[in-house]
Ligand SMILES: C[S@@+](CC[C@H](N)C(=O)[O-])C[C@H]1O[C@@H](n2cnc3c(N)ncnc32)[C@H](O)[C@@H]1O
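Below, in structure tokens: the form predicted alone, a single chain.
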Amino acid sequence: MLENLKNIDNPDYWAFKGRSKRQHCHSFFQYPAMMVPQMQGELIDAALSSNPQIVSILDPFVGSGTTMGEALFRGLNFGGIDINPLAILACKVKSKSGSTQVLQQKTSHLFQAISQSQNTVINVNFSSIDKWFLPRVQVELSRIKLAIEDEPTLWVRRFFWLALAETVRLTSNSRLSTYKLHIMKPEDTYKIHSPIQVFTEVLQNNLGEYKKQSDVLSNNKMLSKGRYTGSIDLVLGDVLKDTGKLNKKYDLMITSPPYGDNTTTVPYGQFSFLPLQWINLDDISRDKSIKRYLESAYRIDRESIGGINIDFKSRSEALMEKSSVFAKSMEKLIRLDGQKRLVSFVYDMDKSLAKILSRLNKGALMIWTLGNRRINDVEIPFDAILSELLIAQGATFLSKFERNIPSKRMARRNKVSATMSQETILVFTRS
């Protein structure tokens, strides 16, 4: 595969600075730490050039679906899993093909219903609503929510819900400079725009990009009677427990796993907590357990990889046998809390590898993009640790290369993320 990649030794090339653009489904929603679409596309193309028999891609940490979007444009089958309901909503919206004419008509009807609404009842109730939303914002968000609920078609409602999620993000009292829930200064709340105005702009943009995407897929003969010709399988669940719900095997895996437990790296759960309060969760999944994610702003992050620290000693010893780099990292971490965080995350990551490999065909390529985080001011070489864990699982190492990340969308005030200036791309194959 690597012989088909350009500038393999040039980290600046793989930064895609000035060459990245979010369009089509990639522009629907601003999710934390999104991958560069052009990079994912180039990696997929190199894999396809190396093995034209590839027809399916797996992303076990699918996030908002950047890899999925690039798979769509190449007519490939796709499987993805994520523990975050907001991520799965984004993926379902991005991967759904439907009539753009119908969507335009329903959007016009929705705007009319919102503009005519005189509702002043707040139809969302959670304990901290007054902390995170101004009264005027609550009223307008409620009007939007009620109008969406009146739409009878599920895929259309989902399209509208995603636009509302972006609207909630932009009109809450949480600072936009961080993915964590941090209240903005009271004197800054005057800057919050009308949710109805923001929603209108977001939905109109998404509708325009949806039309462009449909045209591309249609011109490339990837639509049949308005439906995508490939298969898209998405699972809302834990990669440690629910990967088996993807009941097929895949030819290529491309993913960017978490760099550490979400609570101390990128808090996807905190980021998603407020938008999920305004979305009807039944429209994301019929699984009633989905409602547990709204119990607190930290529930998703705590249920994610490395979110729970238990059985520290035995797990640490088992990992040291598999990875000498992990053992050396543990020696450098003097504080117990840092050791526990590292053990919990690496143990869960190691467990996930067996689940992921079980979903891949023999000989399948694996492309991992990951960064090296810091714990207690000690840099953890996650790329080297993951390499040793994969080899211990029987995978075969092919190569690795670096990319600079000057433009990756990370939280500016997240100290851990701010230390990251490079990512590593690991290439393995399932033996």
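None of the values given here were measured: they were computed from a predicted structure. When you see a residue number, it is the position in the sequence shown, counting from 1.
Not on display, but discussed next: the form predicted in complex with the named molecule.
Figure note: of the listed segments 162-170, 324-332, 353-361, 237-245, the one touching the named molecule in the predicted complex, with heavy atoms no more than 4.5 Å away, is 237-245. The named molecule in the predicted complex comes within 4.5 Å of no heavy atom belonging to V378. Under a 4.5 angstroms non-hydrogen atom cutoff, the named molecule in the predicted complex has Y31 among its neighbouring residues. Heavy atoms of G98 never reach within 4.5 Å of the named molecule in the predicted complex, leaving it off the interface. Taking the partner from the other structure, the named molecule in the predicted complex has a heavy atom within 4.5 Å of a heavy atom of S256.
Proximity to the named molecule in the predicted complex, defined as a heavy atom within 4.5 Å, holds among S304, N206, S174, Q213 only for S304. Among Y268, Y250, Y347, W278, the residue placing a heavy atom within 4.5 Å of the named molecule in the predicted complex is Y268. The three residues G371, D383 and S387 each lack any heavy atom within 4.5 Å of the named molecule in the predicted complex. Contacts to the named molecule in the predicted complex (heavy atom within 4.5 Å) from stretch 62-77: V62, G63, S64, G65, T66.
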